[in-house]
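There is one chain below, alone, in structure tokens, taken in the form predicted alone.
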């Protein structure tokens, strides 16, 4: 089981006046079983990159391997339906994809499309909805009766019903209030921790990267300029500045303290550790 890109290019509208190279010479290995953030400025190639993972886009050059599938230039992998079952892709504002008259029917649609009998498909859907945080009393409601956050959970349940080993999320908390965004990130963390699902998150929210992710991939103008673990990434905020991304509050606070001559260990990345460091420093005075 692996995710490997080998010298991948992707060109939109090739050989036309609209030709645009969205990815260039991308070679990358993404860790299985972890939560990886994909970050970069708008237009850096983040969404284009992740849409290759289930064959929605094909490389213009190079290839990638996802589990036992190889995705090559202009060649859809054999049994692409099975690939898309293993790699669940949740688009930004995924709730707009809900179309059935009830939640249970919407989530059961995927398994039924793969030949599962209706009763079993509805059982699978019920389990997926509960996992996504939907109350069973709401299963027969119309999606139109739900809040934006609940609709997004139903859309995610539709992906979970396919039992993916890899979950790819494109700005999954966009448009949610802080409480809803936190609940959503807790859900993804639980899926990774308890279900062993590999999670890739395209995001601009560095608080979420700090609190929930293990690794960070940084894209710039279609190229991977950095791939490292979270601690190493937050030791240097130049990439966030370059991409016009606001750093987490704790990083901004540490930087402000440094300007005042107070330095903290680079591994201090939580409020609890920061408080301990401040107490230690006060005790030394």
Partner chain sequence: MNNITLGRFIPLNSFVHKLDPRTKIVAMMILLVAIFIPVGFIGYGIIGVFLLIALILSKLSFSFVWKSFKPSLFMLVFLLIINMFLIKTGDIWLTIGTFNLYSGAVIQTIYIVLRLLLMIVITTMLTATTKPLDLTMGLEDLLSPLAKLNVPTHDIAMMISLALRFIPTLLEEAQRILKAQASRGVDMESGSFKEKIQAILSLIVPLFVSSFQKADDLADAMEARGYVVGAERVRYKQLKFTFSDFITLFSVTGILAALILIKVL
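Keep in mind it's a predicted model, so treat the numbers as computed, not measured. Numbering follows the first chain given and starts at 1.
From this point on, the text means the form predicted in complex with the partner chain, which you will not see here.
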{"item": "Per-stretch contact check against the partner chain in the model of the complex, the hit in 134-142, 171-179, 94-102, 192-200 (non-hydrogen atom, 4.5 angstroms)", "value": "94-102"}
{"item": "Residues 42, 124 and 220 all lining the partner chain in the model of the complex, heavy atom within 4.5 Å", "value": "no"}
{"item": "Partner-contacting position among 250, 245, 57, 28 - heavy atom within 4.5 Å of the partner chain in the model of the complex", "value": "57"}
{"item": "Heavy atom within 4.5 Å of the partner chain in the model of the complex - the one residue of 162, 146, 116, 184 that qualifies", "value": "162"}
{"item": "Exercise: residue 109 in contact with the partner chain in the model of the complex, heavy atom 4.5 Å", "value": "yes"}
{"item": "Contact flag, residue 166 vs the partner chain in the model of the complex, heavy atom cut 4.5 Å", "value": "no"}
{"item": "Residue contact check: residue 204 to the partner chain in the model of the complex, 4.5 Å heavy atom", "value": "no"}
{"item": "The partner chain contact at residue 72 in the model of the complex, heavy atom, 4.5 Å", "value": "no"}
